[in-house]
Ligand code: SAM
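This document starts with one chain, in the form predicted alone, laid out as structure tokens.
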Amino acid sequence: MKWEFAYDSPKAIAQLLGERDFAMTKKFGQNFLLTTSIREKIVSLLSLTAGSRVLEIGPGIGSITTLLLEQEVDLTVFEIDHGFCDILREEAFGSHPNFTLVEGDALKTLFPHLKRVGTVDRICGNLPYNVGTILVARLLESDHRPPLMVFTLQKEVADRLAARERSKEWSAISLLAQADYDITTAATIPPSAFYPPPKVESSIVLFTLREESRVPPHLRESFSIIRGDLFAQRRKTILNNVRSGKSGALLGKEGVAALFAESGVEENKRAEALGWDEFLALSAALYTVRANRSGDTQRDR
């Protein structure tokens, strides 16, 4: 039998928590998404079909979970809060044939799960602010990137994910996200849509896997190094960031000079002033210079 609950009612949520004699743990960054239309929009953006394998991160007490199960998907949820897990398992969805609960920190449970089951069809979640960026970054770096993901995130994070090149929000996470996905901010969510209301706005972010990655497979490691180095200190020039970063440690002073000569990128620019072509040129140059230095070492032996 379907569990009926007033997910749009702060009073009902507070009463449920009170009956269970537990409160939200602040360290988990929990905020319940109240507005029905926003929850429905998140589910609609997933473009689900019956039987789709879906992962939901941070279901809380199940406000989005219940809408997902209505779509007859094969759903696995990841929840860290033991109290919420009890509600999900004992009252809400434990008897549902398409529902699986994984209890624990998603940063520790999600990736072993993906390694075990392989790439799924969809991943979604109303992500806590304190771990949202870390979790999304790890998904983007994983070998199991799904065709589509939808998350609610702090608006500031969403703006960086979807940033245009050379804009003030352009950052390392922009490059990481846009290497393999087209990123769209589908809606901005006011604090009043949550209980308790956070102090900042949120956004719904849609990740649609590109047919072809912007970064060729052989350059992925070099791209990761360059991306990390160049945005390490935004006020420094890319030359200084490269010298003090992993690239500089790998190449040495002469190698860094060869990197810029090979790439053709102006060394006195700052990272936010670079576009995709320049990041890829630097990644290719790092790959080439490292390969040449490795060949020289082999010949010296």
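Residue indices: 1-based, along the sequence shown. Owing to the predicted nature of the structure, the values given are computational and were not obtained by experimental measurement.
As for the form predicted together with S-adenosylmethionine (SAM), it is not shown, yet the points below apply to it.
Segments offered: 171 to 179, 214 to 222, 73 to 81, 111 to 119. Contacting S-adenosylmethionine (SAM) in the predicted bound form at heavy atom distances within 4.5 Å is 73 to 81.
Heavy atoms of residue 63 reach within 4.5 Å of S-adenosylmethionine (SAM) in the predicted bound form, making it an interface residue. Contact check for residue 33: a heavy atom falls within 4.5 Å of S-adenosylmethionine (SAM) in the predicted bound form. With a 4.5 Å cutoff on heavy atoms, residue 190 does not count as touching S-adenosylmethionine (SAM) in the predicted bound form; it lies far away.
S-adenosylmethionine (SAM) is not shown here, and in the predicted bound form it never comes within 4.5 Å of any heavy atom of residue 197. With the partner omitted here, the residue from 163, 204, 131, 140 that has a non-hydrogen atom within 4.5 angstroms of S-adenosylmethionine (SAM) in the predicted bound form is 131. Shown without its partner, this chain lists 127, 136, 150, 158 as candidates; in the predicted bound form, only 127 has a non-hydrogen atom within 4.5 angstroms of S-adenosylmethionine (SAM).
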